[in-house]
Ligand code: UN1
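In the form predicted alone, a lone chain appears below as structure tokens.
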Amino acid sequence: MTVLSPTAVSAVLDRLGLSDDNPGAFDGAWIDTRGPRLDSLNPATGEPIASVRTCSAADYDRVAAASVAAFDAWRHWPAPKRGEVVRLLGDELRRHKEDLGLLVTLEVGKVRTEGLGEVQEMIDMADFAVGLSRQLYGLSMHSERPRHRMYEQWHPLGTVGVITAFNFPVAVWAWNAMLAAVCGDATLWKPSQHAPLTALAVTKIAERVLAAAGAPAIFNLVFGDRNAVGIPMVKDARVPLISATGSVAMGKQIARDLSDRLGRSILELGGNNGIVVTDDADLDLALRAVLFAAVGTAGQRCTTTRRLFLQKGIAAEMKRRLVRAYGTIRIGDPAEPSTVMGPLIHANAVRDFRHALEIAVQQGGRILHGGKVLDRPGFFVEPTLVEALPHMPITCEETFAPILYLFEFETLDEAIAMHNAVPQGLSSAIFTLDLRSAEKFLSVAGSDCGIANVNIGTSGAEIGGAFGGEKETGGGREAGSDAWKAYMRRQTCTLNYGTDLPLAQGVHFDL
């Protein structure tokens, strides 16, 4: 396995304005932060790439105050002018796509095409938000009172706190930040402890764009742990909306803290996504979809396929094809173009992989392929297929690793019941050529997930649709459709252009 040379890595950091020791906070200027240094590790080698100085609670308070001030100025910019700034940001991201994509690969282990795809997702979000800046529509309603006009309008909400996970270190920020910007909000970003460099690089690009446009510093960053940054942000009344991506346990704690101050949330939490394959399915199509959805990002996507339901008529053949295909997956340096699967993010993820497989075997599962930790530098494991029994408790949990549990079923009703019998509800799919089966899966009696697909996999969502899930996935929605409404406050307005003062519901109040 080859890796990029230290000289090549240094060149990427230099072009993106990064150094060996980076400040971890931006509030319109880079702050000499007071927290301890933290190394960002390359998961393909286990070696440090560069370090970041984390934030103290005082640093957080300074950046939060600056974000509020930036919002106060930014909200007065007309929305199309805000969209123009976002357009310029998208153009600048295009210019740095290659280096940013490679930095994603270096820092979180995504294979090269996925790293580039993540940066493209930021660019796509910028384009989407630019168009949206002229479409922040309200409604006009008919009043029951004569000579009255009713309508609703949308105003900027404030500072949006964005907490991102390592697996999408910059795209999820863009889902939130691009929409928040055209809506008139500022963004306060707490990136993952495992992916600070990509966040710093994007913030530096945004810094240049804002300065050239004469815009306030609406894209701010605070890098630190949960005590210095995470908890203060969630409890901060100056931050009316928290958008957080992470574990279910983290989301439940955030929800409790926000409820104490009646704050808003967008929670994107765990996924335990399933694909149903029926007897009449196109197996070639299903196989290709399952491979990417189960193995992409080394099983570390929230939309990763973790459960595969095979109808008995095709189960044996599909298992045979999967075992053969899994044996051809090229595991190695994610920066190499031929690599299909890179590493897990850190040693604890490898430990969780081992532990989940031990429990699966104890509960009656049988490993059909994989299951080993590779003896090489970095955090590499084999993608693994496990023949599972119904109701194995481990299959109801989300293990952030490339483990795919295989089940068999007889009827579609049975498959849907098994599919829905988990606490999570993010993404789902069915492979079938039968119209009735497809429609049933998408019906109210079908998948209970926020995303339901037919003849495509569970991962790789487009930004035009609102992204999010149900149940313990959190219920939040980001990116496309009408997700922009979460970043604004709705105001209902009634105007009386007459000389009388009639009351609604026929109420009389005569003195």
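Quantities reported herein were computed from a predicted structural model and do not represent experimental measurements. For every residue, the number given is its place in the sequence shown, counted from 1.
Not on display, but discussed next: the form predicted together with 2-aminohexanedioic acid (UN1).
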item: In the model of the complex, the one of 428, 245, 105, 395 near 2-aminohexanedioic acid (UN1) [non-hydrogen atom within 4.5 angstroms]; value: 245
item: Sole residue of 459, 56, 447, 45 within 4.5 Å of 2-aminohexanedioic acid (UN1) in the model of the complex, by heavy atom; value: 459
item: Among 317 to 325, 407 to 415, 339 to 347, 162 to 170, the region lying within 4.5 Å of 2-aminohexanedioic acid (UN1) in the model of the complex by heavy atom distance; value: 162 to 170
item: Contact test in the model of the complex: residue 175 vs 2-aminohexanedioic acid (UN1), heavy atoms, 4.5 Å; value: yes
item: Any non-hydrogen atom of residue 268 within 4.5 angstroms of 2-aminohexanedioic acid (UN1) in the model of the complex; value: yes
item: Residue contact check: residue 26 to 2-aminohexanedioic acid (UN1) in the model of the complex, 4.5 Å heavy atom; value: no
item: Non-hydrogen atom contact residue 190 with 2-aminohexanedioic acid (UN1) in the model of the complex at 4.5 angstroms; value: no
item: Residues from 119 to 140 in contact with 2-aminohexanedioic acid (UN1) (non-hydrogen atom within 4.5 Å) in the model of the complex; value: 121
